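In the block that follows, a single chain appears as structure tokens, in the form predicted alone.
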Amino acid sequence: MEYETPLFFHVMEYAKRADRDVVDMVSGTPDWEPPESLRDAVREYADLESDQFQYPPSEGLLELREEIAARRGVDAEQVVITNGAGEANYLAMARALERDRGSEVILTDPVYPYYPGKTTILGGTQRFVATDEDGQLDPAAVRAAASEETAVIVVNTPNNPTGAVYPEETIEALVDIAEEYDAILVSDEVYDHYDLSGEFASALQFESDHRIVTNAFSKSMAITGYRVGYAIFPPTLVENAKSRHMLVNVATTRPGQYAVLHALKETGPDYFEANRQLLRERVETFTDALDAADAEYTTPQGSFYVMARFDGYPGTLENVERLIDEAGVAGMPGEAFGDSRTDWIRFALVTPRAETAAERLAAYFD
């Protein structure tokens, strides 16, 4: 079996080696502050008794699982604390595929590249369904692609890379399709706090044994390095997921869980709204500059990515490297996300230098 190293790493390394100043718009790493209560909890943790530096329960600290469960309207036994959303998605896809219900994984195009990568690792077969020009997914196209071999349907809302937010009727229809084909809908909702449209709907709104919801605090609390995520499983699927988590990772960081728990309890909605407002302002500034460059672009309904298409400049790796060398801006090639956006380049608006990057792009393509 051959594994491909994600292009993210190649582009980031290329940008680091550049002979000029480069604005990094490659990775989705928030540049804003984490909640102050989280910093306080980290300081507090350093002075706890030594037993608090040992293994936590494998499925996660009970109090954190209970806090998540109360907020999401599920039982704490359904919640598994994971090493970020990355492991949560791995566990969800693995659990869906090991039911011996087929090996096909339905993915969107464009797609976050880690989902196809996980499909390969788990021995599944990829089947892609194209979204429309706004990144919206038509449930009828998913139903047409589904078959008796369909084990998993993976969606991400708000979406990376398109910024689309799937409305309630789309999510409800996807749950229905999963039930109809005895498949599992895996709904990755890691950007839920960055819904700019008011249209976000969680798959948890629909009671079903055929959906798993994954999430993490990496983006919402600007702590991608803490690796605290979670998956919410139906009762029928959770025990084997806990076993796989224990065998692969043993447990998730105890101090990270402690800090997240305190931040959940003590951080008000103003923190999250301030970050959304910052993002709205960056989207406006960045897209204004793309207008000046006569570029076509997506305006995100959520998450923090903009995809842009420049006339005569397809989104290949070679062109992204040229953009680094000649304009001093690093984005991700559209070809990294599938076949449907190969003319596009994705930019992450998680840098205080987003305006500088916009000015450079406008000047370069003028």
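From 1 onward, residues are counted along the sequence shown. Being a predicted model, the structure only gives us computed values, none of them experimental.
Same protein, other form: the form predicted together with a further copy of the same chain, not shown, and the subject of what follows.
Peer 1: Have a look at Gln277, Thr236, Thr125, Asn240 for me and say which one sits with a heavy atom within 4.5 Å of a further copy of the same chain in the predicted bound form.
Peer 2: The option sitting close enough to the partner is Asn240.
Peer 1: Note which of Ser202, Thr287, Thr224, Gln78 lies within 4.5 Å of a further copy of the same chain in the predicted bound form, where distance is taken over heavy atoms; exactly one does.
Peer 2: The residue from Ser202, Thr287, Thr224, Gln78 that makes the contact is Thr224.
Peer 1: With the partner left out of view, is Met307 within 4.5 angstroms of a further copy of the same chain in the predicted bound form by any non-hydrogen atom?
Peer 2: No - in the predicted bound form, heavy atoms of Met307 and a further copy of the same chain never come within 4.5 Å of each other.
Peer 1: So, Leu38 and a further copy of the same chain: in the predicted bound form, are they within 4.5 Å at any heavy atom pair?
Peer 2: Yes, contact at 4.5 Å.
Peer 1: Taking 4.5 angstroms as the cut-off for heavy atoms, does Leu61 touch a further copy of the same chain in the predicted bound form?
Peer 2: Residue-level check for Leu61: no, no contact with a further copy of the same chain.
Peer 1: With the partner left out of view, is Ala251 within 4.5 angstroms of a further copy of the same chain in the predicted bound form by any non-hydrogen atom?
Peer 2: Output for Ala251 is yes: heavy atoms within 4.5 Å of a further copy of the same chain.
Peer 1: If contact means any heavy atom within 4.5 Å, which of 165-173, 240-248, 145-153, 132-140 contacts a further copy of the same chain in the predicted bound form?
Peer 2: The contacting stretch here is 240-248.
Peer 1: Has each of Phe272, Glu296 and Gly338 got a heavy atom lying within 4.5 angstroms of a further copy of the same chain in the predicted bound form?
Peer 2: Heavy-atom distance to a further copy of the same chain in the predicted bound form: none of the three under 4.5 Å.
Peer 1: Let me know which residues along 102-128 have a heavy atom within 4.5 Å of a further copy of the same chain in the predicted bound form, or say none if there are none.
Peer 2: The stretch 102-128, when checked against a further copy of the same chain in the predicted bound form, contributes Tyr114, Gly117, Lys118, Ile121 at the 4.5 Å heavy-atom cut-off.
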